[in-house]
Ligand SMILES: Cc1ncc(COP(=O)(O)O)c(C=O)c1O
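The data below hold one chain only, encoded as structure tokens and taken in the form predicted alone.
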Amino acid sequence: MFSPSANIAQLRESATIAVSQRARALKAAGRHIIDLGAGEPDFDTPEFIRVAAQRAIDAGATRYTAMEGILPLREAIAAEANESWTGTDRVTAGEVVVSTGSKQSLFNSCFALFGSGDEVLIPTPSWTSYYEMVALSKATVVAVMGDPAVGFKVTAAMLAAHATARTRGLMLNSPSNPTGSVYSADELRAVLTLAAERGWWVISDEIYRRIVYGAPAASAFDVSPTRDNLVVVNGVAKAYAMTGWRIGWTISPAPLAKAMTALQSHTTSNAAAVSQHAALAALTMRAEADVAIASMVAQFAKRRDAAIAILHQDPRIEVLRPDGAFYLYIRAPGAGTVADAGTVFATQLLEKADVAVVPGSAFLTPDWVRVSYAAEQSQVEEAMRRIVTAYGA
């Protein structure tokens, strides 16, 4: 009989994946489910990227590549980073490691940096896998609860108050999953300055950086006083609608990049060759990419505004207005009085209203639910109407 090893004994299934699996099962059974659980753009990968991938296949991009990724892609990633970083120590291709998605890059970073006895600060709510990745690294998660009045963002002072002599690092995500909150340049600068002063590693997940509805979101490279303690994680999944291509990357000091390359050589090996060439097109064909991203973001903004307008028809519904990403964070009915109100409400929505959302307990905030509006406009609007109806039931 199977008995899990100590390595995974405490591992929890991804709540977002579990919701999507349940939604698919109900659809297969004939239910007309509106799935707003997945964090996946509903758009096709832009045509210019697909064409580039086809050309790469015809040119023979079907074999193993360098473990850390093909050089032209790493050079393009470094060049993009240098548009933000103004220090004299320019980012080089040798500091870039391409992986099978930003999730793999995040895991590589945690596994290479943290271990038993370390504490890692995680602004909360945060993406569910952060907590599990830190735990898999044998480090201790220290959840730093944000203030819902400011989109659950945390401050440098809040992080400092939770730090101990064992604090090894922290994980940042702006724009944020699940709240859609975006840290201003000044807010980010204060956090990164504190980390530099304390000698903490910072893993900055910037996968949603190009999906914003106002001013551009700041990168850690824009405001950090140093790169010596910084790992920036990004990829093509969200902004370029390339989730299935599985390409992400880290930019870190060269010794850490070398260590993560070695780790990857014994786990996932190199990312798919054709996917790397598709990502290269996404990053280097700037004019085409900018047009495609602007079009997608405009549609996300339209959905966000329509969704919030419908939710505001019931003044009892508290919803955070996101400045980035494509999620709404909604306070569940019964919050504060019903145990795990978010899970109760999410279950009610799925089983009775045919709407799939993710309970906030996945992000350590059990009074909330996360709703993705990465779905067709009419589906988003219909789902919001069902949520309003269910809220008052």
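Don't overthink the numbering: it's just position in the shown sequence, from 1. What you see is a predicted model; the values in this text were computed from it and never measured.
Below, we refer to the form predicted in complex with the ligand, which is not included among the displayed structures.
Although the partner is absent here, Ser102 sits close enough that one of its heavy atoms falls within 4.5 Å of the ligand in the predicted complex. Among residues of the shown chain, Arg227 is not one whose heavy atoms approach the ligand to within 4.5 Å in the predicted complex. Using a 4.5 angstroms limit between non-hydrogen atoms, Phe300 is distant from the ligand in the predicted complex. Interface membership of Leu106, defined by any non-hydrogen atom within 4.5 Å of the ligand in the predicted complex, is confirmed. The listed set Phe221, Trp127, Trp201, Tyr183 contains one residue whose heavy atoms approach the ligand in the predicted complex to within 4.5 Å, identified as Trp127. The listed set Lys258, His162, Arg246, Arg210 contains one residue whose heavy atoms approach the ligand in the predicted complex to within 4.5 Å, identified as Arg246.
Residues placing heavy atoms within 4.5 Å of the ligand in the predicted complex fall in a single listed stretch, namely 238-246, out of 74-82, 113-121, 145-153, 238-246. Judged against the ligand in the predicted complex with a 4.5 angstroms heavy atom cut-off, the residues Thr179, Asp323 and Trp368 are out of contact without exception.
Looking at 298-330, the one residue that comes within 4.5 Å of the ligand in the predicted complex, counting any heavy atom, is Tyr327.
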